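Below sits a lone chain in structure tokens, taken as the form predicted alone.
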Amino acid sequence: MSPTRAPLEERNREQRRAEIRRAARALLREPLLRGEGRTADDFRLVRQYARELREWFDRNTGWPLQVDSEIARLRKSPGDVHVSTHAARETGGAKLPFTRRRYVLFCLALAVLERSEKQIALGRLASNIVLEAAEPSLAGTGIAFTLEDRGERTDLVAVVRLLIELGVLGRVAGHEEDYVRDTGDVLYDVRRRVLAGLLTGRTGPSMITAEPFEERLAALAADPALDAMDSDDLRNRSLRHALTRRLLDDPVLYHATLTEAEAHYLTSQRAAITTRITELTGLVAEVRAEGIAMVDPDDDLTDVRMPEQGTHGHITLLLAERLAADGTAPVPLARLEADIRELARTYGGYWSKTAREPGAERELVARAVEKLAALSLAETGTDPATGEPTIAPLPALARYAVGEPVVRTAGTSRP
């Protein structure tokens, strides 16, 4: 081999590793990529390295990767189906999390679009959703949609905008605000290939008969083929899938949340699992006695950031500091609301006008608690004595504790 050829081959290998990493991160950030529009570049990379990515995700997470000429779909399923802190969010404005009603509307909209023509108007979509919602089993749950008032139309528009963001719908003419004001309609293209790629479960929801809800949810996320067989190799594969999924998806994997089998497997395979994740994604393992966090040096693989600019980011940071100083005991939410009123006297000048208004502390605390829970920094609960809602710090919150200031004078050496 010539002296100049070896460095060239090494550069080619490094470029290939970097491109596979970029493709993997794109899929983790956005598991459904389209071959056109804003995700076109990432889609091209995923398609180029589809074989390598498909093998890695299949071996380590059990997530199938589908790639064709139009879409790339990583069919993710959660490592912990009980986590409910990362809801779908509005695509604009305050980016508030979807409510239960909006999730129901989302599912009804998909059912209508599945049977629609290639194009559909928003008004037609709404009227068909109202018909679907009148189905007795759904009406029996107490959820009703008439879509006659502005609030319900706003809910539907939030759902439609998420479908546009996902690429299921393409706006042809009109604007959703006209529909909310009842002054106009909107026409969309329905992209059936993207629509068909939304469901990720290996079993169709209509095929699952399990009850109650917890068992039904577990069945949706399960792999029937893997669960039907039993051997040491398959059990280990199942454990590897569950742990790798949680390390990729969860902000922190606490040892206390693992089953005995998962804890034993992680003890023996921790280095191998985290090394494979680092090689593919660039995430770096931070290992502590309480658990493991895969830290992202590039900070673009999360949907919830901390610290974050703006009023709510500042308030969340201030409350995190106070919770970290309190130790591990649960704190009543009412006390945090009192803290907000006190903090406003010192820092209110940096906050938005609405955050300084009397009575705003309840919403401010709610949004801060939601973020802390989503980042596995704290957990909500209820005081058994009073029935009042509480929030308890989790070990990772300790990184936001502030130590006593050290004042050095000239001639003082560092400790």
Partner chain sequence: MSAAADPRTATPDDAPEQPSRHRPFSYLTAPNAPLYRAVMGVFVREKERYTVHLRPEEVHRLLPDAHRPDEPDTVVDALDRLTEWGNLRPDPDTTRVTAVEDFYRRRYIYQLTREGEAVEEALAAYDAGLGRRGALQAVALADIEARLRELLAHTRQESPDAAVVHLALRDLAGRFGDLADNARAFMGSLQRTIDLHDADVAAFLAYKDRLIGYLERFIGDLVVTGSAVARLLTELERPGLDGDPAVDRLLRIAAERDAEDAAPDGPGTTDPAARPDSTALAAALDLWRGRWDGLRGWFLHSSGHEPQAKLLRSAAHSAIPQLLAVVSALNERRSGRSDRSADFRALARWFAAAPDDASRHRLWRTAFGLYPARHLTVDATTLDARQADPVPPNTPWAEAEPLRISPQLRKTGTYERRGKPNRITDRTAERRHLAELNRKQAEEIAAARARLDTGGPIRLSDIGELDPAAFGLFLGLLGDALSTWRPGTTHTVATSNDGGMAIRMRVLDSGGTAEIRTPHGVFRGPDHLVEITDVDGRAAEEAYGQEAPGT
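Here, rigid core means the biggest group of C-alpha atoms that superpose within 1.5 Å across both forms. Note that the structure is a prediction, hence the values are computed from the model and not measured. Residue numbers count along the first chain shown, from 1.
The same protein also exists as the form predicted together with the partner chain; that form is not shown, yet it is the one meant from here on.
*Asks:* Arg237: heavy atom within 4.5 Å of the partner chain in the predicted bound form?
*Replies:* Contact with the partner chain, no.
*Asks:* Just checking whether Arg399 would be counted as a contact of the partner chain in the predicted bound form - the rule being heavy atoms within 4.5 angstroms.
*Replies:* Flag for Arg399 set to yes.
*Asks:* Do His86 and the partner chain share at least one heavy atom pair within 4.5 Å in the predicted bound form?
*Replies:* Heavy-atom contact with the partner chain at 4.5 Å: present for His86.
*Asks:* I'd like to know if Glu342 sits close to the partner chain in the predicted bound form, meaning any non-hydrogen atom pair within 4.5 angstroms.
*Replies:* Contact check for Glu342: no, nothing within 4.5 Å of the partner chain in the predicted bound form.
*Asks:* When the partner chain is placed as it is in the predicted bound form, which of 327 to 335, 257 to 265, 173 to 181, 98 to 106 ends up with heavy atoms within 4.5 Å of it?
*Replies:* Flagged stretch: 98 to 106.
*Asks:* Taking the partner chain in the predicted bound form as the reference, which of Leu166, Ile273, Ile71, Leu156 has a non-hydrogen atom within 4.5 Å?
*Replies:* Of Leu166, Ile273, Ile71, Leu156, the residue with a heavy atom within 4.5 Å of the partner chain in the predicted bound form is Leu166.
*Asks:* Name the residue from Val186, Leu280, Leu162, Val190 that puts a heavy atom within 4.5 Å of the partner chain in the predicted bound form.
*Replies:* Checking each option against the partner chain in the predicted bound form, the one that comes within 4.5 Å is Leu162.
*Asks:* Though the partner is not shown here, which residues of 31 to 58 have a heavy atom within 4.5 Å of the partner chain in the predicted bound form?
*Replies:* Residues within 4.5 Å: Pro31, Leu32.
*Asks:* Quick one: once the rigid core is lined up, does Arg100 have its C-alpha move by 2 Å or more between the shown form and the other one?
*Replies:* Moves: yes, 2 Å or greater.
*Asks:* Could you tell me whether the Cα atom of Ser206 shifts by at least 2 Å between the shown form and the other one after core superposition?
*Replies:* Shift of 2 Å or more: no.
*Asks:* How about Glu148 - superposed on the rigid core, does its CA move between the shown form and the other one by 2 Å or more?
*Replies:* Yes, because once the rigid core is superposed, the C-alpha of Glu148 moves 2 Å or more between the shown form and the other one.
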